[in-house]
Structure formats: C-alpha cells, structure tokens
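First, one chain by itself: the form predicted on its own, in structure tokens.
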C-alpha cells in the first residue's frame, strides 16, 4: 500500500471531503429541517455554556477574596445571584446535551430509511452493465457496509466540529487578551497531532477499501454455509472445512493489518498526551505567576486555566472531529458515488407509443454487440426477423450468443452497431415501461420470491389490479394449480424457508411458479429461456402443449438445449459464434444434416 500521496491527491481528498460533507448536510435538511435546526442549537449551546460557567465562578472567587482581604461584609445577594446563574448554566447544558442525544437517535432512525430508499431506487434504475461489473459490485459492498451508520456518524462529527470550532473561537479571543503566545503554544502540539491522525485515517481507509474484494468473498463464503440450496452440496462434497479455512484466512489478514494500525495509533497518542500535559501545566504556572504579579485577579487563575483547558479541548476536539469527518466521508462517498451513477441505457424523451395488445414484428438488423469493457464481439452483423405470432427457437452450444439476444431484446444493453426494430420502430425510441408490458419472460435464472404463492404469480402483472381468478388461470396454464392446491394454505402459502411457516419447493416446482408469472402477463411476446430445465419430460410436454394452445396469436421465442422442446417451433435458428448458420423447421434442418442434425442425433442417442 502506498502511504505517500502527492499534494494533488491530498487536495482532491480535501475537496471530496468538503463536497460529501456539504451534500450530507443538505440531505439532513431535506430529511427534516426542524431536526436540523434543533441539532444546530443543541450543539451550539454546549460550546458557549462552559465559558459562562467559568466566568461566573471567577466572579464568585473574586467576591470571596475581596470580602476576606478587605475584612468587609460579604455581598450574599451577589453570591446567591451568581450561584443561581451557575445552576442555570448547568441545567441548560444538561438539556442541550440530552437534546443532542434525542436528535441523534431520531436522525439515526430516519436517515438510513431515507438514504436506503433513494439508494435502492437508484440501483434499481441502473442497467445490466453495472450488475455484471465487478467494480460496481465492490462499490455496492462498500455502501452496504456503510449505509446503516456511517452517514449518521459523519453528521454527528460535522455538528461536533461546529461546536468545537465555536468553542475554540471563544477561547482564542479570551486567551489572546492575556497573552497571544499561549495560543501558539497550545496549537503547537494540537496541529501536528491532527496531521498525524489524518495520515492514520488515510491508512485505515486504504485497508477498508483494499479489503472490499475480501469482504465480498467473506459474505459469499458465509452464504454458502448458510443457504439451504447451497449447504446440500457443501455437505456432500465435505467443503465446509475448506470454506471455513478461507474465511479464517480473510479474517486473519484483516485483523493483522488493523492491529498494526491500532498499535501505531496507540503509541502516537501516548506521546502526544505526555506533551499536552506538560504544556498545560506550563500554562497553569504562567497564569499563577501573572496573578502573583497582580496582572490578573485570583479568580482570573480559575478563569484562564479553564479557558486554556477549553481551548486545548476545543482544538484537539476540532482536529479529532475533522479527522473523523475526513475518514467517514470516504465511506459515505461510496454511497454518493452510486447515487451519481447514470444508466447507460437511456429512455427517450418523447417515446413512440405502441399498442401493447398487438403482437409486433421483431427485427434484428445487422446487429453487432460486445459487452462493455470487452473487445470480443458476441454478435456480428446478426440479422433475424420474427413475424407476429411466429414460434421460433434459438439453439446452439453455450456461449454462442443466445441469451445475449434476449438481453438486447429486453434492452438490458444497447446494441454496439445495427438496430432492433419493433414494428419498424427502433427499440431505443420506445418507452421501456411500455415495451416490458409487451413481454412475458421466464429467465433461466428466474427469481424465487419468498412471498405467498399468489403474490409470486401476481408479480407478473404488478402494474394492474389482479383478480384471484386470473392468478388461478395462469397457474393452471403452467401446470402449477394442482401443486398449489396441495399446499397447506393453498395460494396463501408462504414459499421459501426464510420466513415463518414457509414451504421450500423443488427446482421444478419453483419453475412452474415462475412460468405462471410469465403466463399471467398474457403479453404479445413470450420469451422462454431454458423454460423446462428443471422439469421432467412429462411436465415439459404438458407445458408446451399449453404454450402452443395459449399463444396461437402471440410471438414465442424459446431458448433451449432440449431438442424435444424446440422441434415443434415454426422456425429454428442455429447460432454459432454470434451468427445464424442454419435455419428452418425441424424437418428441414434434419434434411440438411448439418449442425442441428448432429446435435439432435447426439441428444437422441442419450435417450436410447
């Protein structure tokens, strides 16, 4: 790790800290401006009260000394008034500190809710490029670690910094009236301490930032040892000890790096504390000598000693808070970095409207595509026309671009070259919300929502009010109705084992639920990406009979490795290295005796 940074890099860090701090303050004002003002007042009062208190105590001491040395009468009315003011300062100070605590707790409740909401909204708006990018996942990992406490912690430090600064200014004015050299003397130890602590903060951030991939791996391995669908294979292959050893190595490495930093911090703090004590005692001696010389009153000893103590505390507190602000702003910056991200796939300002009930004509026109940050072209001058109501199948070996076509059709990515036309309109000119309503999709890695069976299916048409009959009809179409009727709570059965009374399903059962979701949408375009991978041959045949029956006027696009699934398609496209190398019906392709026929015979041989 490079501990030395050029001045330009340090200046950038200072600017980043300022921008992040200002942005957080604006966010706190947005969350609750009354709480913001209350916090400002609650932090201002404790900066002023100590000086009022020690000044009142100076007046008390001077009044007593005057009465004793002059042999005169004690002015009890004055003393009682001074003590009343002193009691009032203690009361006000206590209220202010308790108000700080109350407002902090309220902010610590409110801020994560608001911030998490806008963060999730932002991440949900980002396109697939980010989610398939390891650097973005590292950034997400950092923000996940930070969002629950770092923003509030930074806010507390900013308010405390303001309090320390005000305390410092008041003390500066008071001490400068006695001797300006005292200000320089106290600052001479606090300023070096600040820069040392800032340096240590940068090191701490470096450890945290560099450990992000390790922390990501830590949670990945932890999940492997905790999730029901992972633990089965972990047990069978006896992988637990291996994963636990990897977890231990990660923890050990993180501990060692932090232990070195903690010991260094401890040693430096001890040294600075010794110097601070010597300087403070020296200031006390100077003040006493000033009183002996008659330049200040006896009460002034107490006052200036208290002022110097407040100045020293204010200065070290300010530097400590600023150091904390610098450190925490680095963490909070990761959250704001995500909020500042913009999707690569842009929505048109004035989208073309289509009839979402009409089955469209889909055209891939000379499409070339490569994933961002990659030089490999997955598709090369790819052209394909799918007429309304046509049932097409895309086949080929893994990695040839079949699923990429679906990602482009769903506009998870934009094409690198060429265009995709929907009824003659460029896909980029359509509203994505409207286009998605025209698509029903079952992905190979479909989601398993741990909600009720009814909700799992109803999610397929969340933008409309769904009647129970529609959910049942969709389940029947996917062959899931009888299965759901057998659940203890029927359609109200909670699925998955995360929540109480949840029921875990097999892969095939989950797939039927997901297929029901796709059927519920009743969209003009139905996309099935390996739709029967977890379903037996009998269930597969039943499902595709239903698909054929229910989608006579719809376009169906099927990606499958099972040739029994695709053989009834109107047209089958064999894809290899991003291009169509064969196309036709099952019979036509078998007659060609090419790639399709070879793959079909190999698979058929496995069933003999």
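Residue numbers count along the first chain shown, from 1. Just so you know, these numbers come straight off a predicted model, no measurement behind them.
There is another form of the same protein, the form predicted in complex with a small molecule; it is not shown, and what comes next is about it.
Using a 4.5 Å cutoff between non-hydrogen atoms, residue 404 counts as a contact of the small molecule in the model of the complex. When contacts are judged by a 4.5 Å heavy atom cut-off, residue 427 does not count as touching the small molecule in the model of the complex. By the criterion of a heavy atom within 4.5 Å, residue 381 is excluded from the residues contacting the small molecule in the model of the complex.
Put simply, residue 177 is far from the small molecule in the model of the complex: not one heavy atom of it is within 4.5 Å. Contact with the small molecule in the model of the complex, judged as any non-hydrogen atom within 4.5 angstroms, is confined among 278-286, 419-427, 405-413, 242-250 to 405-413. This chain lacks the partner; the member of 139, 296, 400, 494 within 4.5 angstroms of the small molecule in the model of the complex by a non-hydrogen atom is 400. Shown without its partner, this chain lists 77, 121, 376, 263 as candidates; in the model of the complex, only 376 has a non-hydrogen atom within 4.5 angstroms of the small molecule.
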